[in-house]
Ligand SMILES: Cc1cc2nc3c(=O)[nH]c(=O)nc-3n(C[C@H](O)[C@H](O)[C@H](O)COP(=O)(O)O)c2cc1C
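One chain comes next, on its own, written as C-alpha cells: the form predicted on its own.
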C-alpha cells in the first residue's frame, strides 16, 4: 500500500543512496532509465539532484516537460532495473516505450505529468529547478520534490523499516557494475562518541 510521505521527510527516501529509476513524459511519449547518481539535497523545500546524461532519451523528455520522477526499485525489480538501464527508449518503435517493451506497469503522478513505476518502494515527483550551467556542463539536474510516497511495508512514520524479518525482495538496491547489485543490509544503532578532553 502506498502512503503519502510528508515533504519535509521526503529526503529520507534517498538518504541511503539507492539506485533509482528516472521517469519522464512529454507530448505523448514517456521513458524510464536507471540512475545510480542521485541524492537528497534539502528538506524545506525538499530538493534532489540526479545525473541524467545528454545522450539519454529521458533527458530530452525532462528538459521539454520540466519534470521527472525518481522511483526507488527493490530487489524484486533488479532485472527490470538492469533492463531499462541497458537500453534506450530512442531505439524503440514510435508506438512503444520501455514500460510496454519490458511489461512494466505504471500509474500517473498526482501533481505532475510523470509516469510512476508500480512495484517500487518509494516515488518522488520532481519539478526541475532550472540550472542551465549545471545541466549542460555536468548533466546535473536539481528538482524540487512536490509529492512523495512510500510502500507502507518498508517505510512508516517517516523512516525505513529495518526489521530483519522484512521480505528481502522489498529491500532497496545499489548497483555496483557488470549486472551486480547490493541490497540494503543489516541496520544497527549506535551512540555518538563522547568528546575528547584536553
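Computed from a predicted structure; not experimentally measured. Positions refer to the first chain, counted from 1.
Separately, the form predicted in complex with the named molecule exists; it is not shown, and the next lines address it.
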Contact test in the predicted complex: residue 85 vs the named molecule, heavy atoms, 4.5 Å: yes
Heavy atom of residue 57 within 4.5 Å of the named molecule in the predicted complex: yes
Contact test in the predicted complex: residue 169 vs the named molecule, heavy atoms, 4.5 Å: no
Partner contact for residue 131 in the predicted complex: the named molecule, 4.5 angstroms, heavy atom: no
Partner-facing stretch of 68-76, 121-129, 85-93, 104-112, counted where any non-hydrogen atom is within 4.5 angstroms of the named molecule in the predicted complex: 85-93
Sequence-ordered list of residues in 95-127 near the named molecule in the predicted complex, where near means a heavy atom within 4.5 Å: 98
